[in-house]
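Single chain ahead, by itself, as structure tokens, in the form predicted alone.
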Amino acid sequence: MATKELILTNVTKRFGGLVAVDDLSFNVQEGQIYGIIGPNGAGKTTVFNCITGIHPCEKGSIKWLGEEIRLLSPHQVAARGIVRTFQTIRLFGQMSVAENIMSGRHIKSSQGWWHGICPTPFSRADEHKNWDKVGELLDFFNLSEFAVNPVGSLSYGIQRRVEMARAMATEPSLMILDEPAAGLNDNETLGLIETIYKIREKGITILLIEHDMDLVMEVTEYLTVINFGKKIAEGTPGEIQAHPAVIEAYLGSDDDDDF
């Protein structure tokens, strides 16, 4: 049986003359909380877009469970157990919290479109199963009290939890989090850290981008650092904090003062 492993090898993504990701390689092991960090504009989100099929890369290999997924569409990638959240929350604002989470069950539902017109005992059983899963996720993310609220009426921090719950509704093996702490206050960030650990306890591997370095250094076990789309360092959080190339990328070098 294949391990739940994501392997990127020499991945390159261009937008016209701009090289957004430059010959990037790294691999995420089953059960890891793995981080990708780098300055603004380093290409981090583009890496996630390549993995999830939003922007197929022109060069290199992206393998999941031993299968090449580089040219798959987003829904095909999701069907293989890789899901993501986004920097900017993308929820259905007029729908309730429960309905937003239920939308993530589409990929796991066995119903056809015709069951909406002519329900059968099979389709009703499937519907109940999916709503039971939504109930579990409402409890898991402490969202039960907001179940019937339109998601657009809720705070940013609660919406972040709804987005993660919707991703969990697909029953993923790998969850990709794109700046999950963006817009959160200190208490919400502490809650996010606890949630990340709880998700990993479910057997889900986590790959994240985050600018909150306190969060990154606390939760991640291994990091890749990129700048201008190219890997400049990798290692444990302790190794990364002391790496000269990382310090230069974030703080600048003495030579920069000459310009």
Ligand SMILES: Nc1ncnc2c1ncn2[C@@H]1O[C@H](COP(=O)(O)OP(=O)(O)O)[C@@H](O)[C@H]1O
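What you see is a predicted model, and the numbers here were worked out from it, not measured in a lab. Residue indices: 1-based, along the sequence shown.
Although not depicted, the form predicted in complex with the ligand is the subject of the following passage.
Visitor: Should K230 be counted as a contact of the ligand in the model of the complex, where contact means heavy atoms within 4.5 Å?
Guide: Answer no; every heavy atom of K230 is more than 4.5 Å from the ligand in the model of the complex.
Visitor: Does the ligand get within 4.5 angstroms of any non-hydrogen atom of G41 in the model of the complex?
Guide: Heavy-atom contact with the ligand at 4.5 Å: present for G41.
Visitor: Within 4.5 Å, heavy atoms only: does K59 come near the ligand in the model of the complex?
Guide: Although the ligand is absent here, K59 would stay clear of it in the model of the complex, with no heavy atoms inside 4.5 Å.
Visitor: Even though the partner isn't displayed, in the model of the complex is K63 close enough to the ligand, meaning a heavy atom within 4.5 Å?
Guide: Contact with the ligand, no.
Visitor: Between the options T46, T224, T220, T52, which residue brings a heavy atom to within 4.5 Å of the ligand in the model of the complex?
Guide: Checking each option against the ligand in the model of the complex, the one that comes within 4.5 Å is T46.
Visitor: Choose from 64-72, 193-201, 33-41, 230-238 the stretch whose residues reach within 4.5 Å of the ligand in the model of the complex, heavy atoms counted.
Guide: Among the candidates, contact is made by 33-41.
Visitor: Would you mind checking 6-21 for residues with a heavy atom within 4.5 Å of the ligand in the model of the complex?
Guide: Going through 6-21 in order - heavy atoms within 4.5 Å of the ligand in the model of the complex - the hits are F15, L18, A20.
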